[in-house]
Every structure is written in C-alpha cells, then in structure tokens.
Ligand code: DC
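Starting off, we have a lone chain in the form predicted alone, written out as structure tokens.
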Amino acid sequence: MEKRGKKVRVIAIDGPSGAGKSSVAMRVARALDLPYLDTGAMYRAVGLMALRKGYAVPLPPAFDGADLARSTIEILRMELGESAMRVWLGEDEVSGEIRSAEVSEMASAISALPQLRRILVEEQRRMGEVSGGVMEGRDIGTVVFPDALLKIYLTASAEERALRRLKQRKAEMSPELLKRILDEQETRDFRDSNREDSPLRRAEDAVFLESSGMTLDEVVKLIVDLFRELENGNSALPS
C-alpha cells in the first residue's frame, strides 16, 4: 500500500509477541475515545477456525487459507469489553479460547500465508478508514496503514515479554514454563520477522518505544501525549 500523503486518524502499534500491544492499545483507545481495532484477535479467530477444521502446524503446502479467512470474517464479531477484547464466531464467544498457546501457534502460522493476509488486511483497512482508531499488530504501520497519523514500534526485553505472557496465561511461575514460553516466543519472532509477506519490522517513521521497566500507565500516557501533539499540529516526534 503506497503512502498517499493524507494522514489517517489511526494510531498504529506494531511489535513482537508479548510486547503488551493489546493492553496498551485498549487503554490508549479508551483515553482518546477512539475505536480499538484488534487485528491480532482476527488472526487468532481464523487460527481457531483452522484448528476446528482439523488443520495443524505445520500447515499443508497447498493450503492458502483464503476461503477460511473469508468464512471467518462473515461470522466474526468483536467488541471492547471491560478489560479485554470480546470475540464471537457466530453465537459462540471465543474470547478466552483464542488466547490459548495452541491458537497462538496456529495464528502465527496462518499469518504467514500471503493470500489470507491480503484478505484480512483489506478488512482492517476498511475498518480503519471508516472510523479511525487504535490498531495493533505486526504490519500496521508498514502495510495496513502506512498513512497512520502516529506509528509506534513497541517492544521489551525477551525475558520481560515472556513474563508478561506467563501472567496473561495466569500460570504459576516456574523455570521450565518460562523457558518454554521463551522458546515459543523466539520461534514466533523469527517466523514473524522472516515471512515473505508483510514481515514484522519497524516503520521508518515509527517511534521506537522500549517498555522494559515502564508501567502500563507510563506507556499509555506517552502514546496519548504524542497523539495529541500531532493532532495539535506539532510534528516533532522522538526517533
């Protein structure tokens, strides 16, 4: 998608697994009274549908996922809950199910499929162009909305990201489980950064935000303040 010059009222938050993108994006959306557009939940929903249809990782070489993406979009509904995104497939709420380790692995695998990605990207663009909003993922600022008013590349140290994922799963801390999550995270980071279509990378004009040691409130305030400065015509952003 080429830059068209005119900025879209979108905050694009990209970054690796476990960086806290969803938590930050939801809080920023609430603070600015903007829609929250959870692209990760979309890929997870398609991943869950793939599992329900009997697919497993690694995916069959001939599988492009296009039909699966289209059928999922038709029945997918998302809305912002009190503390997390609520997601339905038809009448079935899958908000918790899409956060499982198995679905995370499948979501990462299907997100590497070019035809499937193109279908979901078009849907994400449609949503953002209609209402603006806060959108997080891995290629929002580079592919989905290169015209976003504000782009953030949010990351943290590998260990801190793994600890956040452990907390999200509400699992009891153990060295073995932490190592497993670190290994899963490393695999996903490699896959996301090296896929042929829309790899994870920092947009040239994105603000690099290393959040290790920062509280959620501090990260949210920084992004909110940056967005308000841009809306007020101040284009001076930190690199």
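Position 1 is the first residue in the sequence shown; the rest follow in order. These figures come from a predicted structure and were not determined experimentally.
One more form of this protein exists, namely the form predicted together with ligand DC; it is left out here, but the text below deals with it.
Using a 4.5 angstroms threshold between heavy atoms, D139 counts as touching ligand DC in the predicted bound form. Not displayed here, ligand DC is approached by A107 to within 4.5 Å at the level of heavy atoms in the predicted bound form. At least one heavy atom of R165 is located within 4.5 Å of ligand DC in the predicted bound form. Put simply, R195 is close to ligand DC in the predicted bound form: some heavy atom of it is within 4.5 Å. Only one of 41 to 49, 26 to 34, 64 to 72, 173 to 181 places residue heavy atoms within 4.5 angstroms of ligand DC in the predicted bound form, namely 41 to 49. Interface residues of 15 to 34, taken as those with a heavy atom within 4.5 Å of ligand DC in the predicted bound form (partner not displayed): S17, K21, in sequence order.
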